[in-house]
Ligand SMILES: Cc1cc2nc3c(=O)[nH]c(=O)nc-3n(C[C@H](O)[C@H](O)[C@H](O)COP(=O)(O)OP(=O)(O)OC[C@H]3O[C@@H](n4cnc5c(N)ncnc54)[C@H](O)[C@@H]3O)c2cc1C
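Here we start with a single chain on its own, the form predicted alone, put down as structure tokens.
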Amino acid sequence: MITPFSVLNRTYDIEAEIAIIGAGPAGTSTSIFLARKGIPHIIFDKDDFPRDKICGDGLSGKVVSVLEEMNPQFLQDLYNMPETFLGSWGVYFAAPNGKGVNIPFRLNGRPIEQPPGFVARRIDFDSFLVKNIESRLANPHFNCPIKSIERNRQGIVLTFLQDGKVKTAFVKVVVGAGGDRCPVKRALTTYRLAPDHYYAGLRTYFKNVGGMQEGNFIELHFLDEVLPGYFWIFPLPGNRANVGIGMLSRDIRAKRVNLREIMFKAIKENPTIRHRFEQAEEIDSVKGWGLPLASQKRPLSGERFVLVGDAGSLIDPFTGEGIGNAMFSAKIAAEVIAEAVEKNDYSAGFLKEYDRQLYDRLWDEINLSYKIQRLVQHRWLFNFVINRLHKNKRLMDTFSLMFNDLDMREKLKSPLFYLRLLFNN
């Protein structure tokens, strides 16, 4: 909301150039990249750390690349903690007919013994990032929920709770990194939930799930009941697994389904899944959350604000992976904000450079993922592709490369690709 000029006569508990709202991977990454540029800032989170966060727990190659750019030692630290960060070498896709294909992650020049991805509980990964915030430049305010955000001619007024007391902060620009329900998005945009571009997800933890993939591949099982969504099994250290299911909100409403019932029916009855849970034990309660997909291009900035990660709806529409895009968006946001600080220009026109740079880098990938998501809705086509791949190793290798190379993934849009599948033996 726009607040009258008279608020400038107020006094504030904190004054700073920049505030980051949310200390998940998007917020902490923004903080770390700003600190690398020597820029002081405040970072808020409604919770204290460590804290759980509902997620699939997969850390993709994009996460690894951003961590390495932040500080190569961060990545080495993850390699040195296999009891917390389980190395993963790829992803397994299973079609509705139960047949699957392994897609190895690209190594990007790393030795084969160094995993190109990881699986780790968010409570551990988020705490790792928080511990690496540069306290000399970042002023953390955790367990401080934001109660209101007001925009005036000179900046942004934040009202927050700290130790039960109402306090205020005045900043020039705010970074919305508070996830799907980010208070920045709610206060400064007109975004509304779009069921066609939004997944509902459920997650729980099991131990002793059998038949895990070699190389700790994460698993996406595309079930008839939830297409183009999927049931997942992500291995974790200590013989544990993150198990969950996701489905488009549009389809949940239209079909009036109970997502929890579908998940446990798959565990108990699906012929390719049930035997793996015969000795398994559920060790957590089922929790739900929303996944705002990047399949619809939205504005990511405005007068005195930018949105990063889930707050900007940047989750991959096909794989559901969000942490990599969250951290990458944080990197771009920090670069643009650094220029804004130098020029003292926080206008919507200047900050729109963030949108341009991010979509220039990510939109082709996001758009292709969305097209693949729409193809996956056709059960017969998905089954057909996987069946043909199982009969032809060369086609299998080509398909594997598609998920590591955008130019090759583009072929999935071409009818010629499916003709070759049809007539290749």
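All of these numbers come straight from a predicted model, not from anything done at the bench. Position 1 is the first residue in the sequence shown; the rest follow in order.
Absent from the display: the form predicted together with this ligand. The rest refers to it.
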Residue within 4.5 Å of this ligand in the predicted complex by heavy atom, from Lys53, Arg379, Arg361, Arg36, is Lys53
Would you mind picking the one in Phe74, Tyr191, Phe350, Trp289 that has a heavy atom within 4.5 Å of this ligand in the predicted complex? Trp289
Interface segment, criterion being heavy atoms within 4.5 Å of this ligand in the predicted complex, picked from 289-297, 263-271, 342-350, 83-91: 289-297
Contact of Val175 with this ligand in the predicted complex (heavy atom, 4.5 Å): no
Can Gly61 be called a contact residue for this ligand in the predicted complex at 4.5 Å between heavy atoms? no
Even though this ligand is not shown here, does Glu225 get within 4.5 Å of it in the predicted complex, heavy atoms only? no
Should Val308 be classed as touching this ligand in the predicted complex when contacts are defined as heavy atoms within 4.5 Å? yes
Within 187-222, which residues have a heavy atom closer than or equal to 4.5 Å from this ligand in the predicted complex? Gly201, Leu202
